[in-house]
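The data below hold one chain only, encoded as structure tokens and taken in the form predicted alone.
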Amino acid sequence: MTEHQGIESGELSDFRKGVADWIKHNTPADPGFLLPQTFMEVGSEQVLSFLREWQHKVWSSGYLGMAWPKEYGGGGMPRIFQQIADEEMKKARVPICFNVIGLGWAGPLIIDTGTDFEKETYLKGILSGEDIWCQGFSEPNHGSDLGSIQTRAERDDNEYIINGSKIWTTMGNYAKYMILLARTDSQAERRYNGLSFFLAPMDAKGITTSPIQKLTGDYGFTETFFDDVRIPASCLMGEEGHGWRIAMQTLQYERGAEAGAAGGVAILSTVMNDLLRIAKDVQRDGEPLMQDPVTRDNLVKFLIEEQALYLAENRVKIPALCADYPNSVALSTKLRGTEFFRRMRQYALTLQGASSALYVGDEDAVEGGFWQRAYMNNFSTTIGGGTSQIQANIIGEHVLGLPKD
């Protein structure tokens, strides 16, 4: 049974037309400043205010959180409606819904495993954009080895005292809450058993953030410091010492292996139609690059790969088509997708020749430097949520059953 069985195709078609019409009449005009391509570039109050207003508008119009429980601010509808709304928003290149860590990771986690109190407290603010969420997993000097984190959370009666630091904290300087992984037991026999998971307030005394500038020149990440920070013991999610399991479930949402995200556009995607436009517009020796046989051959290969990614998204919804290697498609989604877009964007720069050295702000840059910015932004996606190398290890170990050594 498909998730939208029983829904008339005409109803879905009418809904799609309604979304497209709403987008046509409600997409904001160019604000006159550079908007983020991803949620990892919100670096000013001006940009934040614009995106917060846009997300609230999408939600209040019924096109965000459509499949989330109605009693917590969602629409309570079958997920197919949110998928259609997302498709139309992506097609129209509307601004991003910026609160992605809440919409895509913290929110689904709370819906699936949280208490009624946690759902009542946190979910509606995530959807409206009022409550921004950040993630406190990665730490300086520990790379992708999440099990080795050293930020400590010590129980003191009805509070936990947090000390340590986190890095690459997207929107940490604007966030109201953090999904925080910290060590509560330094003597645990297995290091993973000593970790606990918190829904931590970012306005607690002793928390400071320091912005980090990206390759693009944009800001969006911070390093976050905890100096004897006291948070209520009620911020603990689940049981003490069960943080690793909860963190791994969170990463399933982040990596696309589990559904549940509220929807909206998280990243201004580039698709093959965009790359084909470059090949038609850019000329070499007086002829469009599209006429070059080698270029055409490379473009066809990218088209085939893009179609394979699209078909894989549909295949994962049909258990019978994934029986040989259960979860293989879902677990490989992040690796395949982020690496495809990295190579595709890099090829767009290759097609530009010497013009690829021009950037945003240069009047001669192809398409205003969009592709240069998009290519450099892509490194955030191949690193965040586990690097491509980590993703390859996950597939090798958990899908193919290869030994760790």
Partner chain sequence: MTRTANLSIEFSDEQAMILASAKDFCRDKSDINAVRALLKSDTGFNSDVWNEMIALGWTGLYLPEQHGGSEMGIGATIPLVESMGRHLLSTPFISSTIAAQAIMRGGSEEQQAKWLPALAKGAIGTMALLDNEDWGATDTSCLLSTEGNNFTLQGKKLLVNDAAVADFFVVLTKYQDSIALVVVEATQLANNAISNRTLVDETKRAANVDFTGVTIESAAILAKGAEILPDVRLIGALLIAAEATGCAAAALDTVVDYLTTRKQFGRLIGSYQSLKHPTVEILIQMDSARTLIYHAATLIGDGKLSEDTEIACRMAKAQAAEALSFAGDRAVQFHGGMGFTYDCDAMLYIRRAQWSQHQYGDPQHHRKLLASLLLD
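Quick caveat, the model's predicted, so the values are computed rather than measured. Residue numbers count along the first chain shown, from 1. Rigid core (definition): largest C-alpha set, two forms, superposition within 1.5 Å.
Just so it is clear, the following notes concern the form predicted together with its partner chain, a form of the same protein that is not shown.
Residue contact check for L35: none of its heavy atoms lie within 4.5 Å of its partner chain in the predicted complex. At the 4.5 Å threshold, heavy atoms of D362 reach its partner chain in the predicted complex.
Although the partner is absent here, Y160 sits far enough away that none of its heavy atoms falls within 4.5 Å of its partner chain in the predicted complex. Using a 4.5 angstroms limit between non-hydrogen atoms, G217 touches its partner chain in the predicted complex.
Contact with its partner chain in the predicted complex, judged by any heavy atom within 4.5 Å, is made by just one of S234, T121, S328, T208: S328. Proximity to its partner chain in the predicted complex, taken as heavy atoms within 4.5 Å, picks out 313-321 from the listed stretches 76-84, 313-321, 107-115, 195-203. Three-residue candidate spot R336, Q352 and I395; every residue lies within 4.5 angstroms of its partner chain in the predicted complex by at least one non-hydrogen atom. Contacts to its partner chain in the predicted complex (heavy atom within 4.5 Å) from stretch 374-394: Y375, M376, N377, F379, S380, T382, I383, T387, S388, Q389, I390, A392, N393. Core-aligned CA deviation for T295 between this form and the one not shown: 2 Å or greater. Core-superposed comparison between this form and the one not shown: the CA of E120 stays below a 2 Å shift. For T38, the Cα coordinates differ by under 2 angstroms between this form and the one not shown after the core has been superposed. Here's the thing about G361 and R52: their CA atoms end up at least 3 Å closer in the predicted complex than they are in this form. Inter-residue distance, Y359 to Q46 (Cα): reduced by at least 3 Å in the predicted complex versus the depicted form.
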